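Below sits a lone chain in structure tokens, taken as the form predicted on its own.
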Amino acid sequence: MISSDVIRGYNDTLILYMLMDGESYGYEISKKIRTLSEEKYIMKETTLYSAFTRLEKNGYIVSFYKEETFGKRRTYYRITPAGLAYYREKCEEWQVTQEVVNKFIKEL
């Protein structure tokens, strides 16, 4: 299990990645993150929804409602061109972060 402190700066990146293939909603995104990480990272609901708020405020995603079966309304999210650019920026930052941290990791 990955500590939330370790991955905190990349929660937005994970969410944006999940939206690159198309629009989605909170529970589905959370479930996909859990599955893709092979249960090694579980994003808490509060973390997920505060990230949605931050991403939308910064113009990286947009939210909209869709009617679901049985008349239930669900909030969906879609990545914007600015969100895609931010995602790329965070991926480049991750490469540099890995390089630096790897200099301080050794096999024991």
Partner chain sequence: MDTIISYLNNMFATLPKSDQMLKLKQDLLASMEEKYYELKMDGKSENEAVGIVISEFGNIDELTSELGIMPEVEEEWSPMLADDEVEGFMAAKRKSGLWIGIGVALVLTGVALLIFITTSFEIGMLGGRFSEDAANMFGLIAMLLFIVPAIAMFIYSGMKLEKYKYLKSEFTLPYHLKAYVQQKQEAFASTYTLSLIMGVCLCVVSPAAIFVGSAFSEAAASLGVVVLLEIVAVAVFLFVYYGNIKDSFSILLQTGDYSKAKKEEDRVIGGVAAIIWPLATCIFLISGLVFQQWHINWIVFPITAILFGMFSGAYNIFKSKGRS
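Please read these numbers as outputs of a predicted model, since none were measured by experiment. Positions refer to the first chain, counted from 1.
Missing here is the form predicted together with the partner chain; even so, the following discussion is about that form.
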- Might residue 45 be said to contact the partner chain in the model of the complex, defining contact as any heavy atom within 4.5 Å? yes
- Is there a non-hydrogen atom of residue 40 within 4.5 angstroms of a non-hydrogen atom of the partner chain in the model of the complex? no
- Message: Considering non-hydrogen atoms and a 4.5 Å limit, does the partner chain approach residue 66 in the model of the complex?
- Response: no
- Message: in the model of the complex, is there a heavy atom of the partner chain that lies within 4.5 Å of any heavy atom of residue 54, even though the partner is absent here?
- Response: yes
- Item | Partner contacts for 10-25, taking the partner chain in the model of the complex and a 4.5 Å heavy atom cut-off | 25
